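The chain that follows stands alone, in the form predicted on its own, written as structure tokens.
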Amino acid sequence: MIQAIFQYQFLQNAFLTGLIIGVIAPLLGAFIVVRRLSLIADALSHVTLSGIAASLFLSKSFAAFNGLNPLWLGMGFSVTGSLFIERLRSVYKHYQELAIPIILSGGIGVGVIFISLADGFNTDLFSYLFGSVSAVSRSDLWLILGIAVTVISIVILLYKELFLLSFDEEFGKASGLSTRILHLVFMVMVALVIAASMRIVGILLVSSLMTLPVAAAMRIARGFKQTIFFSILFGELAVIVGLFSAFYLDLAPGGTIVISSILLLLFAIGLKNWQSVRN
């Protein structure tokens, strides 16, 4: 039964891609949640949608853009959106959270315009919105693997700096950290992971994989490193269960992965409550 999933290359691509995303999305999600920036994933996912819709419009309207992988333009839009968020955070120094809804609104607006120009929703756009097991190509897998290696390497090299930035930014500034550059690097990493994750989870649901495993991990972890470990563990479990469910039930993987994440969250909450009653 399990062998049936791996007899086709596109299913192998989807499964391997899902395993990679199950690591990098919760990994960055742990820092995002601690910094109280959970909605940033939603904002950048909508900006990514604009890039995807723009790519589909260009492919349809201009022969020179035929064969253009929408992932590239979506990634470009996402990174650009992250740079704008950082810029707006510096403009609204006392109301930095305003940057997120501004970019989110702009992403939705631009996305709707390009969707209209591309004559509405089609199968390709639907797969980007909610994920698709069959949409992941081998080139997508290699691209996502490259992003994963880059993100994990940066987190390992800058772990102490990112940790300090997340828990005590003012002390970090006083210690001589280049907080602005660190913010920028972190935001670009988040943008790349969101763009990479949309093939499996879908643009509208990708923020769930960055926050729900972290929410579950925070109920049982003791310390930040444990939170990262359990976040990745729950993320991998959600992806594996979600992909198997999507394949055998013929459903969009984004939905099954998110529901799996919610079930794991409920399990973690229940386990914590049971431990509290027992003690």
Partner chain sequence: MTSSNVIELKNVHYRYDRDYVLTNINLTVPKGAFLGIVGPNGSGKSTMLKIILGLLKPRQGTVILFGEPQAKFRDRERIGYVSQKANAFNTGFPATVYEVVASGLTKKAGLFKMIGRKRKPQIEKAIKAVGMEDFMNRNIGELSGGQQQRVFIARAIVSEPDVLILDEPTVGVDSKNVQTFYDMLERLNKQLSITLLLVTHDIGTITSKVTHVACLNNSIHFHGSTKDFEQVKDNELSQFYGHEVHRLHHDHGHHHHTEEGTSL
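Only a predicted model underlies this, so the values are computations on that prediction, with no experimental measurement involved. Residue numbers count along the first chain shown, from 1.
The discussion below concerns the form predicted together with its partner chain, not included here.
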Discussion item. Taking any heavy atom pair closer than or equal to 4.5 Å as contact, tell me whether residue 166 reaches its partner chain in the predicted complex.
Written reply: yes
Worksheet item: Should residue 138 be classed as touching its partner chain in the predicted complex when contacts are defined as heavy atoms within 4.5 Å?
Response: no
Worksheet item: Contact between residue 36 and its partner chain in the predicted complex at 4.5 Å, heavy atoms?
Response: yes
Discussion item. I'd like to check something about residue 225: if you look in the predicted complex, is any of its heavy atoms closer than or equal to 4.5 Å to a heavy atom of its partner chain?
Written reply: yes
Worksheet item: Can you pick the stretch from 237-245, 37-45, 50-58, 214-222 whose heavy atoms fall within 4.5 Å of its partner chain in the predicted complex?
Response: 214-222
Discussion item. Residues 87, 92 and 100 are flagged as a possible site; in the predicted complex, is every one of them within 4.5 Å of its partner chain by some non-hydrogen atom?
Written reply: no
Fill in: The unique member of 115, 152, 158, 184 whose heavy atoms fall within 4.5 Å of its partner chain in the predicted complex
158
